[in-house]
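The chain that follows stands alone, in the form predicted on its own, written as structure tokens.
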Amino acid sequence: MDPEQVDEFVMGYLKKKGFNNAAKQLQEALHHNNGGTFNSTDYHNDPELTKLIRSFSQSENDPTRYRDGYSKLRSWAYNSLDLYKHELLRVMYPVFIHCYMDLVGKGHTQEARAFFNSFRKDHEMIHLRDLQKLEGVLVPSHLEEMEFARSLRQSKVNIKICQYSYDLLLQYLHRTESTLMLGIINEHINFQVYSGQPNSSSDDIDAVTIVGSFQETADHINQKEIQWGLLEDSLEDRLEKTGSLLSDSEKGQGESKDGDVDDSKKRSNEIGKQGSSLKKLKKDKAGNATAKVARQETSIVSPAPRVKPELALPVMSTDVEESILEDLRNRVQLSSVAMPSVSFYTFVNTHNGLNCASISHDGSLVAGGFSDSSIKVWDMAKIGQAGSGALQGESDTNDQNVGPNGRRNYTLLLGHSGPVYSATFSPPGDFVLSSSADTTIRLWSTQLNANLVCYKGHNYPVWDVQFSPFGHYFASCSHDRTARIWSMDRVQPLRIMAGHLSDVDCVQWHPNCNYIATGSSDKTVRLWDVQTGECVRIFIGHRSMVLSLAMSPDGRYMASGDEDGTIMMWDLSTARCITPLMGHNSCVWSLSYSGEGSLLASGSADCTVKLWDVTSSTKLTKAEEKNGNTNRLRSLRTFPTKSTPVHALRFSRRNLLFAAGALSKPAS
């Protein structure tokens, strides 16, 4: 090989790999040497350079290079010191998937499958769903046709690693001359190198993140301005202006004043009695000190700004408005030293048929959606009169389901033709919405016990449906990767929100009704403007599918729970994760903020309800902000159940926490 050929080969290689600056400098150096070659270098007699050029010029079509290079890198990483091993192993997954996709892209299908099957077990625990998607990438055309594969190819992975781990990796790659692995790492991984000792494997939720074209899109979207405040002239706003929010001691004096109540308020009165006893109990236990601490914590946060509604909101009836105002006046102030009482509704004899549960805003009604396409609604007041505390999910012929008057203790709603995946009550409790695998959403009346409307628009199973905080409007999300906004009086959707790359699994309204949030199997959460239908925020950070969402009462923060048991708190204005809340070891199915927003409750498939101190979790010291250490566990209390995964949670307006789940047989 003569010198000119060497120069041309090196120039071509640099341009092919995207090293444009290096190619430009080489070209300038060649022109500087009168258009010739480097006279000071003897290409033929320099063994190091000759060896390097030969390694570059060897056939790139040899599929065994990928397996050999990855296998050696894997062995080296697993045999490293334990102090650095967990950081070095972070590199393996992106290298693995890009080796596989490179093999597929070059047409080595059989070698790609063998490579994939040989090493997939290393990554199944954390990346099982991603691997299941990659398994379908079999031919080069799939790399462009499948959105998941295309997004991986176009993006980079951001990996945090300490300086010493980074030096170890570079030394290995250069010492072993692993040019193929070095090229993959250089092309698809960005290292964020920090000084000092490596963090523990669970310390940093942002240790591995996706960047690139998608991240650039998210950053651009997250620059949009949003109005996260509360609505003008809301009920809470009126109470604040008139000073009608009472202290705990003032509530105790006025609890028994309303003696004459019409029939429409019986349900709220039932729960009012529970709230009354709860408040007296708290006063006996904590005294005036508790009330002072609670007021101090809630007064630290600046009041939320007021915004105008973008939707034409329904007019609230006087009776409902008075009932809500009475509940708000008698709300118990919660804090880290004033815990709520929890009322847990347990479904028995469901035979694994319960898919979802929902609790009305005052806790008086409980609904369950079942795999046999039925919905059952229980009235807690009637169950209390019958003397039965369990919610039976068994067939209608079971004697335990029949009350003393010969009737069922629940209302059976039939109409869907597939499993029911979600149910939600309207704020007053007079309607129930349900969504199903039959692709429809149905509106039911709890007063008539009948189906009123069937909404058709989604093309695949509808995973979740949620009423807006003021009723009338509702949002749904589906396997078709869209979310839709509806109104009760129209059978067609008002808005369609498209943008997620996979199933949209959960949906939640913002308190001011101007936005909805959606959580997806693509591991992201998005915030949408209901007026324009545009995405105004993308929240990136979860490592598994997002299953639950909750908005803080002031509209400032959002919590999201995923399949791995991680809960992340987000600042809506900046789209940044304030803190991850780690404690659950299984799916987080439900989240709910307390009325004043000081506590967050989470329900999980690990059969526990956890309470988190939100006020302290959102306050970071300057040192923590500087070091980037935001993993502040603020778990206040854990309520374990015997063997009942928690399907639903709701704080009532008086701050009594309701929960529901189906009793399951413990694994033997």
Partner chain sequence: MSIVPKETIEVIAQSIGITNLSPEAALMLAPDVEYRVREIMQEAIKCMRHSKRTTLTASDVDGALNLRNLEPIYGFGSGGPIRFRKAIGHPDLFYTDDREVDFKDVIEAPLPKAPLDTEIVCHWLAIEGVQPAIPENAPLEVIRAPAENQIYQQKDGPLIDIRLPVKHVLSKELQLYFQKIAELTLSKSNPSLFKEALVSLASDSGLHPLVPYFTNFIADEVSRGLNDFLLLFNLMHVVRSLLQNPHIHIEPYLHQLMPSVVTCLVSRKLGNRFADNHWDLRDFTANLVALICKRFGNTYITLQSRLTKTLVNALLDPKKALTQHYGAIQGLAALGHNVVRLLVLSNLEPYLSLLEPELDAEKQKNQMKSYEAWRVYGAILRAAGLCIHDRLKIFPTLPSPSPSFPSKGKGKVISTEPNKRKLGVDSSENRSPHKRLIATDGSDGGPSPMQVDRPTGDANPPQNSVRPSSSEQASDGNAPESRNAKEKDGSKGRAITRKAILDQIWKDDLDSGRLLVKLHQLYGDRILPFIPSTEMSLFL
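So that the term is clear: the rigid core is the largest set of C-alpha atoms that superpose within 1.5 Å between two forms. In this text the structure is predicted, and so the values were computed from the model without any measurement. Numbering follows the first chain given and starts at 1.
The discussion below concerns the form predicted together with its partner chain, not included here.
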All three of F344, F347 and W589 touching its partner chain in the model of the complex at 4.5 Å, heavy atom to heavy atom?
yes
To verify the annotation, which of these, L170, M316, V491, M339, has a non-hydrogen atom within 4.5 Å of its partner chain in the model of the complex?
M339
Its partner chain in the model of the complex has a heavy atom of only one listed residue within 4.5 Å, and of S502, S151, N186, N158 that residue is S502
Out of 158-166, 551-559, 354-362, 67-75, where are the residues with a heavy atom within 4.5 Å of its partner chain in the model of the complex?
354-362
Test of understanding: in the model of the complex, would S521 fall inside 4.5 Å of its partner chain by heavy atoms?
yes
Even though its partner chain is not shown here, does R650 get within 4.5 Å of it in the model of the complex, heavy atoms only?
no
E310: heavy atom within 4.5 Å of its partner chain in the model of the complex?
no
Contact with its partner chain in the model of the complex for E87, defined as at least one heavy atom pair within 4.5 Å: yes or no?
no
Restricting to 82-101, the residues within 4.5 Å of its partner chain in the model of the complex through any heavy atom are none
With the core lined up, does the C-alpha of R153 move 2 Å or more between this form and the one not shown?
no
T109: after superposing the rigid core, is there a C-alpha shift of 2 Å or more between this form and the one not shown?
yes
After superposing the rigid core, is the C-alpha displacement of K224 2 Å or more between this form and the one not shown?
no
Regarding L128 and N352, go with closer or farther for their CA spacing in the model of the complex versus this form, the difference being 3 Å or more.
farther
